[in-house]
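Consider the single chain below, provided in structure tokens and representing the form predicted alone.
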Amino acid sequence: MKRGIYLLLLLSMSVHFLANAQDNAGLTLPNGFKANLFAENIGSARHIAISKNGVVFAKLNRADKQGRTIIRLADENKDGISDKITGWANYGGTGIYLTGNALYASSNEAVFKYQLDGNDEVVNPLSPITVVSGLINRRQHESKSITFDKSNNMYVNIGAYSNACQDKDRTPGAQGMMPCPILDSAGGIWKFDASKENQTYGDGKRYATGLRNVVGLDWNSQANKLYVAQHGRDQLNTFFPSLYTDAQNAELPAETFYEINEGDNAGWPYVYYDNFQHKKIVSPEYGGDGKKEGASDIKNPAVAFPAHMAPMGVLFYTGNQFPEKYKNGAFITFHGSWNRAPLPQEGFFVAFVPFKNGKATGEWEIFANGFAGTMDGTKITSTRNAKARPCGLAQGPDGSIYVSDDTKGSIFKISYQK
């Protein structure tokens, strides 16, 4: 009986989305929402920021054909599609953030600041202010995402240059280093005073630790707290086949979304979160057997998602355009998986996490789907063949949200029509 009810629920959800899937730039959305392509083919667009005038700034991971890595997109005729595209800078990276008339952008080693004029044009594109430099880049989890609190403090992800801190990285049977030396300078969130120039690690403070790799993060203004989405570890079955089957590896560990307070420890590499047992489980590199529980002082996630889907962007919605249920909730982009075999690869969507009184309810739902597209009538599940892979998120001045794609460089605009 329960199975029948579940199937009926899935069918009703499918009808609900498909009824609204016509056009919408190929996306399936809840009823009342519409999507259009704000821009196409601008390059590997990672995170995005939007000014109060509606100008979109996209950070490219790699330079476009004109050698630019920060792209400015304006919709001057107000039809919902960018019609003036310019750009500058020559360094790759992920992070971009706009506060007032100051635009911050990150490479994989540094964060720079640009001044914008009253028309949202960059004042000195060739002479940015260096806010912080010398951040670790070991060619693994090297992207530096950034966000800000209300006091102009900047939070920077420093990803761990390892999968599980093994003494021989990504080697079957290799044991974990204890303590993990990587945590001294990576595997966490660092806090800097954004009003200062030419800072290094010594000028910052490790705000939180035990985070393998955070690409998506945002400041929750209602709760006045930092929230981050972590990429979970890989290859449990490859490294410890006596403990984990291929099918178990496809579902473990959960991708996790945390409320972060100063001093928090999310547990990497010593534990991972098992979404089926709803427990923090000791990693096999540190003596775990798939059941042994981790220490109680390690942070629990606010929400746990299916494994290996790669959360890339986080946005707390503060606009008034969307229905009330979305107010102060979090949107999270998922890039799509590459390592869920023998199960189908999953992801390529934007999720929504409801909040109540400044706290996540623990639930989540798919908000926007279909980014990967179809081939011969079949849903694409390959990261290589996906038509778009969601990455960055930003809220426009009218309350619409924008989603970037870092494969072919599309930017989707999603709006609600009452």
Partner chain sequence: MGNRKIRYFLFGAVVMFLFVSIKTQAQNLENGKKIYQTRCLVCHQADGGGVPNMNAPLDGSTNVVGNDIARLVKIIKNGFNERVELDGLYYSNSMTPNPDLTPAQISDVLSYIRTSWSNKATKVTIAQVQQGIKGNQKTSTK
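Positions refer to the first chain, counted from 1. All values reported here derive from a predicted model rather than from experimental measurement.
The same protein also has a form predicted together with its partner chain, omitted here; what follows describes it.
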field: Every residue of 142, 169 and 342 near its partner chain in the predicted complex, heavy atom within 4.5 Å
entry: yes
- prompt: Given that the partner is absent here, does residue 384 sit within 4.5 Å of its partner chain in the predicted complex, heavy atoms only?
  reply: yes
message: Is it the case that residue 338, even though its partner is missing from this view, gets within 4.5 Å of its partner chain in the predicted complex, heavy atoms only?
response: yes
query: So in the predicted complex, does residue 239 come within 4.5 Å of its partner chain, heavy atom to heavy atom?
result: yes
field: Any non-hydrogen atom of residue 61 within 4.5 angstroms of its partner chain in the predicted complex
entry: yes
message: Please identify, from 82 to 90, 116 to 124, 342 to 350, 187 to 195, the stretch that has a heavy atom within 4.5 Å of its partner chain in the predicted complex.
response: 342 to 350
Option touching its partner chain, based on a heavy atom within 4.5 Å in the predicted complex, out of 222, 277, 235, 152: 235
